Structures are given as structure tokens and as C-alpha cells.
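In the block that follows, a single chain appears as C-alpha cells, in the form predicted on its own.
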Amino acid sequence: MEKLIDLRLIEIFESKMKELYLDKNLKPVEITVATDEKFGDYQSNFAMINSKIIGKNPKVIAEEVINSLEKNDIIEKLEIAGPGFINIYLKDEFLGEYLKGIIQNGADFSFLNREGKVIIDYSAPNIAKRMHIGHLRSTIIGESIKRVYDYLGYDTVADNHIGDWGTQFGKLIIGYRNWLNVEAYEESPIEELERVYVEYSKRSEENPDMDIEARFELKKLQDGDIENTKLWKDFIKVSLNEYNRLYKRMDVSFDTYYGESFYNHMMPGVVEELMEKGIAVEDEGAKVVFFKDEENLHPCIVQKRDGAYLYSTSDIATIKFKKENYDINKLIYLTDERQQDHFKQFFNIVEKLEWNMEKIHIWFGIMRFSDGVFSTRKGNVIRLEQLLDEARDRAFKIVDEKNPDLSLEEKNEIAEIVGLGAIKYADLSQNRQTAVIFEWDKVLSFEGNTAPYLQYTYARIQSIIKKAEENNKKVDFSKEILFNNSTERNLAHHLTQFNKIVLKASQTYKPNIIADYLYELSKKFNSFYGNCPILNQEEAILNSRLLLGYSTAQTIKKGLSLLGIKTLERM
């Protein structure tokens, strides 16, 4: 495992700073990647941020540190810039050897606090409803964050908090018994359950007494009625079968499916504890948590006057369960922006209960059409499977046009991977906090900053490596990486930044940081390949450039995998 370059540089500079300024309480050394190659490979502003503490001009401090640094295997030279920046230039030999080491051995992330489980709650569809495009963001952003934390060596738990409890089940039970088409249910169970639910809604508008009957059926379910429980379990089973088929297609997986019903038995105890500790009080028959004015939160009802519990009660119960059953590193929740106040409320309540653990609500902008949000009533909800099929079909047409000689099986495989990659990347390459305007052509574009562009770059490199192997030239890590021009060096330097980028994505919960990096990497490689031919070169240069190409391909593959996107050996 290779230590990150900036951490190595920090160790060098901190050691010298402590030696020079023994009695000073210095601010930590910060090392950042240079924004322009003319400023070196890295920069540090430690002379400026410690100027007042040391009592000297930043330029004087920078000169003292530079003059006292011994020669080492990492730094080629140091320069003072502007008011006291230090520009750091790495040795070419170190850069080449480090790149080979990081590709072969991976990065050392042991400095992170990785004790305990990172539990990530995402996707969360409602039982008996087909997944639609509105579920896309939570599912793929959550999966990407899980993969990033796995890559960094954390022990993750992917939890799908399915909506499997509530008033809709009384209505579904009535609809199932009265209007179910058995053949349609066997063919497409969730679609048929949606139909009978809509049928119930229409009829109940004309006959409001049906809602009383639905509440009665729900009460029977809550009380453990055998027949209603059997139906409820069947609804969950057929729904999960459908969801898991789509998850498998999307290369998404979960460790637990603890839905709302799983925590139902815990909610009376949660309310009792809140009341005992004076966190919740009775107000007009309901149990309510009131917040201080400075907390700027609306009161939170944890139990209604009729005894029913709410989402807040369920979510508090989930944390209680996790606290009692896991050694927790942190809890991460993925939902859209509309639930921000809800999470502020129940996180606040958990703090009042003194259940101390790190909790993060990762919110994202809503996906919408240009004329408004998706709406079942407007008839503009796009089913998730419909989106996946459309992407595959569009990709197939392109593959068929460009590679007509491929077998039908291979065309279908390429179309599925490219189409799904295009959908995921179109979403994940954007800042998650921005709203996404859904446009078919934009989501399924295969040009510019898209997954197909990155996948094609990977496949192009694989083709080059294959041609080299046909000429008995293999990627050989015992060979030296040479830098004959700035294009080669720029590519190598960018490749060494990958692990730092992944770390930043984990800290900000923004997969688009990885997407931005990969797009820049692909552009740098294509510029390199245009200026630096790989094949038909003298042996030392060919070996060096093969290593650069291989390193680029492996980095693209790893990066796309963190976004949940597969690569292809040829396209």
C-alpha cells in the first residue's frame, strides 16, 4: 500500500518546521495540488498561515524552511512564489515509481478512522408500487457512496428501508379481494396491485365509507389477523422480487431490507422513553417534541392522539435498533431535498436522547421535467424499467450502426452496459444538490462528458495493449516510466491524484467529483495518445507509454466502478 503523496510531503515539512520553530504552537502544514503546472506539482501556504505565530515575514519563513530541507528522494526543487507560497516539484523518477506502486498495490488509507460500521440507508421504494425514475437518484447515489466507502476500507452496511407499513395496506387488501385480475397478478403482480389501488381510490371518492372499512382491515393486520398478514407478506414478497430484479440489472445490492414494519414493535418504547426523559410532552392528546426557538424547528409529533405513530417515531426507532445491534462508525441517509426538515427534527431528538453517533443526511435535488415534477395524475411518471429499456434500445442502434459484424449477443451486452452507464453517469456527474431536469436526449447522450466517452477511452487503451501483445510487447512493471515531454508527465501526475479524489468524494458525499476527475483523465490520455504514439516506438519509450496507458485504463475502470458503471474490452 502506498502512502498518499501529500501526506508524505506533509511529514517532510512538519518535521522541519518543528525543528526550526520548537517553541511555537504552529498550525498544521497544508499541501495542495498545484492548479497549474508552472507552479509545480504541489503548493503549500504554511509560511503565510504561520507568519504571525512565528513573528516573521512569510517569505523569510519560506526561505528558512527551503534552505534547511535536506535532499530526499521525492522533491526535485522548491520555489517561493507570490507573498510566500512554496511551489513543490517532484522528481520524475519518484513520480514514475510511485505511479507504478499505486497501480499495483493500491493506496494506504490506514490513517482514516474505520472502526465500526458505516450504515447507508438508500433507495427505499414503497411496497406494491413499481419503481419509477424518482427512485433513480437515491439508488445510484447511495450505491456509489457505499462503493466509495468500501474502496477506502470501511465496513459498510447497505440498508434498504422499504415502505412496508401504513394505511395503504388496508386499501390494498380491499382492492385485492374485490377487483383483482388473477391472471394479471400472476403476470405482473405490482402492476396489478397498482391498478386495484387506483380502482379503490376511484370508488372511495364516491363511497367515503370505504375508508372506514380500509382502516378496519389495517387494524386487523396490525393485530396479527392471519389472512390479512398472509396477504401483506405476499405483497412484500412479489414487490421485493420485482425490485431485486431491477437492482440486479442496475448492479445495486443491499445487505438488509429492514422496512418500517421491522421497527413497529419498538415504537411504543421509543415514545415511552421520550416521555420519561421529558423530551416529549402530551399536547391535546398527542405526544409531541417541542424545540427551542433558536433551534428553528417545527414541533414534532411522535404519536397522534389516536395512538398512531409517524415517520419520525419509526426513524428514531431505527437508530435505537442500530445503536443496540451495531458498532457504529456513522449513519448515512439518502433522500431528496424535501426531507431536510424531517431529518433535522429527528436528529435533534436523537441528540436529546444522548445517543451519540455521527449522523449525516445526504440530500439531493429532485428530478423533474422542465414543466414540473413527476406526477401520477399527470401521467408523466417514467417507470425505472422503462428508462433502462429505452437506454438499452438507443445504445443498441448505435452499436449496430458502428459494429454491424458483432454477434447479436455481444451487441445486446454492449448496449445494456453502455445504456445503463449513460443513465448513471448523466446523474452522478452532476452536483447531487442541484435539481435534475429530465430530458431523454441529454440523459442518454453518448458524446462529450458521458459514460460512453469514458468507456470508449478504456476500450481504446485495451485495443492498444492487445496490439502490443500481438507483437510480443507486454505491460511490464519492472520497466521505467520516462517523461520525454510535458504531456506524458501531466498524465502521470493526474493519475497519482485518483485516490485523493476518492477521499474527497467520501468527505463531501459527492460522486460527481470522481466523474469530473475521470473526464479530465480521459481528455489527458487522448491528448497524450495524439502527441505520443505508443506502438512502433523504440523499446524503452514503448514500455513506458504502455505503462501509462495501462495505468490510465485501470484508473478509469476503478473510477467508473465506484460510480456503479462497468467497462467493456471493446465497443
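Given the structure is predicted, the values throughout are model-derived calculations rather than measurements. Heads up: residue numbers just count along the shown sequence, starting at 1.
There is another form of the same protein, the form predicted in complex with a small molecule; it is not shown, and what comes next is about it.
- With a 4.5 Å cutoff on heavy atoms, F343 counts as touching the small molecule in the model of the complex.
- The small molecule in the model of the complex is not approached by G101, whose heavy atoms all lie more than 4.5 angstroms from it.
- For the chain shown alone, L221 is not a contact residue for the small molecule in the model of the complex, no non-hydrogen atom being within 4.5 angstroms.
- Mapping the unseen interface onto this chain, T335 counts among the residues with a heavy atom inside 4.5 Å of the small molecule in the model of the complex.
- Contact with the small molecule, judged by heavy atoms within 4.5 Å in the model of the complex, is confined among 335-343, 88-96, 296-304, 140-148 to 335-343.
- Interface residue among G106, P268, G116, G163 relative to the small molecule in the model of the complex, by the heavy atom within 4.5 Å criterion: G163.
- N126 is the sole member of S188, Q386, N126, N412 with a non-hydrogen atom within 4.5 Å of the small molecule in the model of the complex.
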